[in-house]
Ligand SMILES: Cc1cc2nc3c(=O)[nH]c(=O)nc-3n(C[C@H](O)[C@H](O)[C@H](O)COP(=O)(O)OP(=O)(O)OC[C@H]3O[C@@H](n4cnc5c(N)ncnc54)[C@H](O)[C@@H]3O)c2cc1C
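Presented as structure tokens, the chain that follows is alone, the form predicted on its own.
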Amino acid sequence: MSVQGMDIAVIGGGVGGLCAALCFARRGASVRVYERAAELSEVGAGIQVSANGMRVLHALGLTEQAQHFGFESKGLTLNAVTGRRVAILPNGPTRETRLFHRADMITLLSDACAEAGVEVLLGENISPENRLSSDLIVAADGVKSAFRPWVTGDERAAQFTGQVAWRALVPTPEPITEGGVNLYMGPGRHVVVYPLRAGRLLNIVAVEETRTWNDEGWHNAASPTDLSARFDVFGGAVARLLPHVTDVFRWGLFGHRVPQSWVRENVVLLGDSAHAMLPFLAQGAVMAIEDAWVLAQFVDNHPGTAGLVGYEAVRKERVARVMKEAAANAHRFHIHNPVAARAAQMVLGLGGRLAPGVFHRRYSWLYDHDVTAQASSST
């Protein structure tokens, strides 16, 4: 079985959908992307692509483009609420991580798709009721996927986690030439800051615990004054940055279950439509990138539905583990008791100085994983 000559429809022109379209096109399929919006664009926000995702971009021949658009992260720095540095966790030479503006990632992938002969159709609202007659339909239409309930049979709504995220972009006075991700931990909240676009912008994501929220969307404009007021416990760089925020958006964080089935007839789920996850491990887009490679590989190597079922089996266990770890990080970042927080930070600081390899080994299952080197019958 080969995807050569297959007619494949990808629903959704986001990171996962475009990456899937490119993976299939590079294997010889005829691919169309159907995007509901009138143009391919992304809201102003950052995206971290860790080493496991970068390996897919390299395998797709996008090394030069990734280096052009993505700011190379030197690692993660953990900071206390005061701004005091707690621990530095460098990426190391084998864990390339790049920081992208989402719009740049869309540009990178859409340009590659165009070169590979992928046709992108805009303003197309495809649903199970008007689905296409393609050989395969890849539903990469996001957290509010029209296909997810049809495929899974699960109509239950996602559950609000009690957390809300704010996001903003702030220009830098001078371009940052070297750096990485900074995470500031506070009682019931945390802030992540990292550079984008050759260090000319700083991406800010601030998360707080709260009681109520209704909408899961990303496009809810909020007040910079409210942002500053809700995160006024932070000192250091956060306190210096927040007064410079002019536009900010806020969205509720919802917990999703990994569905039992990702496949129905000729439709398969990919990315957030299958496994929308909390952002506390920065793996949402990366898991979609991994999905794209694995799905194309399995469909290319297995006949009929066997490829789809194999893809589901391989990916389900991995994304479930990532989702669990991401959810756990929220509690690690938000310790309320100041004594407990200080003790935890002392352990992190000592570990970072005395045994940095422990942190690398703890996440080797995640960052050292290489889907491009896996046989299609293995995990």
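Since this is a predicted model, take the numbers as computed values, not measurements. Numbering starts at 1 and follows the sequence shown.
Although it is not shown, the form predicted in complex with the ligand is what the next lines describe.
When contacts are judged by a 4.5 Å heavy atom cut-off, Gln297 does not count as touching the ligand in the predicted bound form.
The ligand is not drawn, but in the predicted bound form it has a heavy atom within 4.5 Å of Asn125.
At a distance threshold of 4.5 angstroms between non-hydrogen atoms, Glu290 is out of contact with the ligand in the predicted bound form. At least one heavy atom of Arg102 is located within 4.5 Å of the ligand in the predicted bound form. The partner is absent here, but in the predicted bound form a heavy atom of Val286, alone among Val286, Val118, Ile137, Val238, sits within 4.5 Å of the ligand. Listed residues Leu57, Ile47, Met323, Ala29 were compared with the ligand in the predicted bound form; Ile47 is the one with a heavy atom within 4.5 Å.
Annotated contact segment (heavy atom within 4.5 Å of the ligand in the predicted bound form): 32-40, selected among 328-336, 57-65, 311-319, 32-40. Contact annotation for 187-202: a single residue, Tyr194, has a non-hydrogen atom within 4.5 angstroms of the ligand in the predicted bound form.
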